[in-house]
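Shown here is one chain on its own, the form predicted alone, set out as structure tokens.
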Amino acid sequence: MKIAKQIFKQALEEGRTFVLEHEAKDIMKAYGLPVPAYDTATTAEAAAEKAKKIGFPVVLKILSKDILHKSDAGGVKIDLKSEEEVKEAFSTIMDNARKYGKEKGIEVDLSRGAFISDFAEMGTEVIVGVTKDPQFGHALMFGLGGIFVEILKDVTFRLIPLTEIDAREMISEIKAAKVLEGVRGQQPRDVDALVEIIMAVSKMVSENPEINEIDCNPTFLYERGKGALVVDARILIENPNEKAASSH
């Protein structure tokens, strides 16, 4: 996909090895991954206007090449229910980003403004991720989100590229697989939608080997037939210059 190559090239030209949130979502969309409606804005007024078009409630996040972990910089506001709340949140995250820059001794570039996204309805949280091993290459990770991954480390891995059989095996072999089948009166989750996400991520990495890491976390999985949404997405890429330098 041309779009991924263009975005990666621009990121490296700007001296960053990560893509911004809207860029990650653009790439995901191009590969057919389901993402919430989103837009970007450089002023509080524009953010409020675009939030209205997306439909409330929305999430607002800082967009800056100098900030990778937005929450650490106070750069995220969720569940905003009106234009006024969006305008106020825009000012707040900009102020927080400036303060964060001062604490870190850097001039934070705020020219890109903010990322606005539909505040997705909660589903069963799952994680689809990719890591790159110097010896074995890319591996895809799958697990349920929240406590399952943080405390129980209930995850499974496969080397990329994956077949659909691999994807289905991964989903069934985690210890908490029964959660997806519907327990205690819950409806079964849309496993077919999850398989499509895993396959799309595998394809994305196969076509773009410069990807170092992907984190689709959280991905919300809804009832069978109702699909899934990749709510948060992070893509890290390698700097070819650094790679060349380390091989000498």
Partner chain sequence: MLVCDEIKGIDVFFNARNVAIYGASASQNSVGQAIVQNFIKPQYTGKVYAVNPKYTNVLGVPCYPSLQEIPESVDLVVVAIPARLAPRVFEDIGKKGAKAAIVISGGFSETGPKGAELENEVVKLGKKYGTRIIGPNCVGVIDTSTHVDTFFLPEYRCARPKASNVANIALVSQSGAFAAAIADWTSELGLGVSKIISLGNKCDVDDDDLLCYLGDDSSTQVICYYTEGYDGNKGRSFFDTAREITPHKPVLVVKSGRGSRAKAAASSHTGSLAGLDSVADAAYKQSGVIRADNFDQMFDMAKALAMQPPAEGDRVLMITNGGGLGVMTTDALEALGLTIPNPSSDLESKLREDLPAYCAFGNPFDVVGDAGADRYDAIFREAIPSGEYDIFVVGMLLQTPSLGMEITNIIANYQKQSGKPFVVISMGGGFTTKAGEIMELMGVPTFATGEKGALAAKALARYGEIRLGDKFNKSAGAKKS
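Positions refer to the first chain, counted from 1. Keep in mind that what you see is a predicted model, and the values were worked out from it rather than measured.
Form predicted together with its partner chain: not shown, discussed below.
Out of the listed residues M94, V76, I160, A120, I160 is the one that sits within 4.5 Å of its partner chain in the model of the complex by at least one heavy atom.
Checking D109, E164, D133, D72 for any heavy atom within 4.5 Å of its partner chain in the model of the complex turns up a single hit: D133.
The shortest heavy atom separation between G146 and its partner chain in the model of the complex exceeds 4.5 Å.
When contacts are judged by a 4.5 Å heavy atom cut-off, K87 does not count as touching its partner chain in the model of the complex. A residue is said to contact a partner when one of its heavy atoms sits within 4.5 Å of a partner heavy atom; A139 meets this definition for its partner chain in the model of the complex.
For the chain shown alone, S82 is not a contact residue for its partner chain in the model of the complex, no non-hydrogen atom being within 4.5 angstroms. Considering its partner chain in the model of the complex, the lone stretch of 122-130, 109-117, 96-104, 152-160 in range is 152-160 [heavy atom distance within 4.5 Å].
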